[in-house]
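Okay, here we've got a single chain as structure tokens, the form predicted alone, with questions on binding and movement later.
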């Protein structure tokens, strides 16, 4: 079954009817109806129905990729501001190499930004790790802030949108589920172009046929498919795109 037209729905509104449909995030079943339980964009794909909120705060989930900033250093790790309620904790044991406790500030200092993976969410807070390939301290480039609800549109189904951006500009694009996007390339002009494309996506996130519109926007900018030989791995995209309805 093909995806139905994306539509804005309100709580209590019927999205579709039929026992063959399965409610996902933001939806529930009422007899044969699938009903929205929040204001957002309804997506129906392969009989699976979900409602993506138009606005809202970010709530970390295990396995998420986040881009965060060091705000404090403790005796056994770093506190990270990820833009949500409270801070995340990065233990010294969850970095890519051994760090002496007397050298923690030299390894990661106040105000520096990092790419981390959420490996546990507890009542007391969020625990993070950056042991894996592709995670670590951010150096160079620019960090953009977008609404966390716009992240699936930037990534695209199976990473299609972010791949389009990379191919057009030759820049590395790492998307955090917390609404932070790191853009890094060898050409400052291409970094700025990447920023413009991402801003176009976020401004038009609620419309149908976004992929085609982005393709035309890229063409209008005069960009071609650069197909860079080496692009840094955008970690955790596959998991992020499991929930995407492009």
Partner chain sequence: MGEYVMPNLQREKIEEYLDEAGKRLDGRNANEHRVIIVEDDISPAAASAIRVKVGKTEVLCGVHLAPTTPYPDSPDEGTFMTGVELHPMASQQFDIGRPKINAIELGRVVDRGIRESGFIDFKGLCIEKGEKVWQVFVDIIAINDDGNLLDVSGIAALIALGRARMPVYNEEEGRAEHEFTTNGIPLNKKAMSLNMTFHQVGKTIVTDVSKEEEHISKFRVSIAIGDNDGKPRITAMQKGKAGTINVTAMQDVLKSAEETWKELFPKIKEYAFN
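Predicted, not measured: the structure shown is a model, and the values here were computed from it. Numbering follows the first chain given and starts at 1.
Unshown form predicted together with the partner chain; subsequent notes refer to it.
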Checklist entry - Is the partner chain close enough to 73, 104 and 135 in the predicted complex that each of the three has a heavy atom within 4.5 Å of it? => result no
Checklist entry - Can any non-hydrogen atom of residue 91 be found within 4.5 angstroms of the partner chain in the predicted complex? => result no
Checklist entry - Does the partner chain get within 4.5 angstroms of any non-hydrogen atom of residue 221 in the predicted complex? => result no
Next on the checklist: Can you tell me if residue 81 lies within 4.5 angstroms of the partner chain in the predicted complex, counting non-hydrogen atoms only?
Outcome noted: yes
Checklist entry - Taking 4.5 angstroms as the cut-off for heavy atoms, does residue 112 touch the partner chain in the predicted complex? => result yes
Checklist outcome for this item: Within 4.5 Å of the partner chain in the predicted complex, heavy atom basis, the matching stretch of 166-174, 127-135, 95-103, 140-148 is 140-148
Checklist entry - Of 173-192, which residues get within 4.5 Å of the partner chain in the predicted complex if you count heavy atoms? => result 182, 188, 189, 191, 192
